[in-house]
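Only one chain is given next, in structure tokens, and it is the form predicted on its own.
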């Protein structure tokens, strides 16, 4: 018994030793930067004079929540998150994964490969590609095709259409991730369940909503958690395509934070925005995890 207990004790110590480098990494590159961000969010630290700053209390947060520009950035971020991540990537991802599961093997392989190529595209490259595709002056690819049919060019990056344009680009970029998660989940559904539903006369539409979606609850919540975090942290694609404009129409919170820190040189205010983004991401993550745990 003593030998078994000693062996168990040694195994536990070994596990702890294995995780020590991970804890050190998280502490240095994750927790410490968050601590600094919180600390500096209560100061007037400036990019032009980093060494000198004073504590302002909650003044930065007060200024943000009384700023129409910041409130608009929250509103824009929420629209971008809901339409791009939840409706676009998640729902479209599960639909595409289900359609691929009922298609022929070689066709499924071709379509999946195309989707994954989009997912693997660097965001800078994707931003340049989408900008050149949707450009108004000079005419991008889409407007050139519209011209062939006698249709006037459309300014897809105008004030009214820019947000929808970056949403479409972001869905295109991130769809492959959701498709992978849902394809894996669908492949884990017992074929006998699907076969029984077909025998009972259930059509594909009914099978999708009555069988596939309920059985993919864990996959759905996992996908929602990850793509929500990815979308809240989106920056490169939006910055390359629109830079947050025109007239702040695509000024999501990460773009606003960048502008505040590197255009207005107000690092204290920029850190306050970063803390708000972190708190928002943490709150949403906890809600998702509670939903997952309650399954």
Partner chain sequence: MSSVEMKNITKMYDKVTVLKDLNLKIDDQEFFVLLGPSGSGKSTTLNTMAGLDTPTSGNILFDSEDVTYFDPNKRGVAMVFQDYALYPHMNVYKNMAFPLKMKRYKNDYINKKINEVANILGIKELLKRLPRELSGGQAQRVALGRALVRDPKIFLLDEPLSNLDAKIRSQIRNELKLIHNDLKKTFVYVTHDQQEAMYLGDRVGILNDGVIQQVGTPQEVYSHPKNLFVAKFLGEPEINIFELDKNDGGFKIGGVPVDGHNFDKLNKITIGIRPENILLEKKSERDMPLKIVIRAKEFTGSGFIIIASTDEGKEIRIISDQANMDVGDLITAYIDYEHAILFDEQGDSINK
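No experiment lies behind these values; they were computed from the predicted model shown. Residue numbers count along the first chain shown, from 1.
FYI, the form predicted together with the partner chain isn't displayed, but the following is about it.
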For this chain shown on its own, do 199, 206 and 210 all sit within 4.5 Å of the partner chain in the predicted bound form, going by heavy atoms? yes
Contact assignment for the partner chain in the predicted bound form, among 164, 215, 100, 171, heavy atom within 4.5 Å: 215
May I ask you to choose, among 193, 111, 87, 151, the residue with a heavy atom within 4.5 Å of the partner chain in the predicted bound form? 193
Heavy atoms within 4.5 Å of the partner chain in the predicted bound form: which of the stretches 130 to 138, 184 to 192, 171 to 179, 90 to 98 has them? 184 to 192
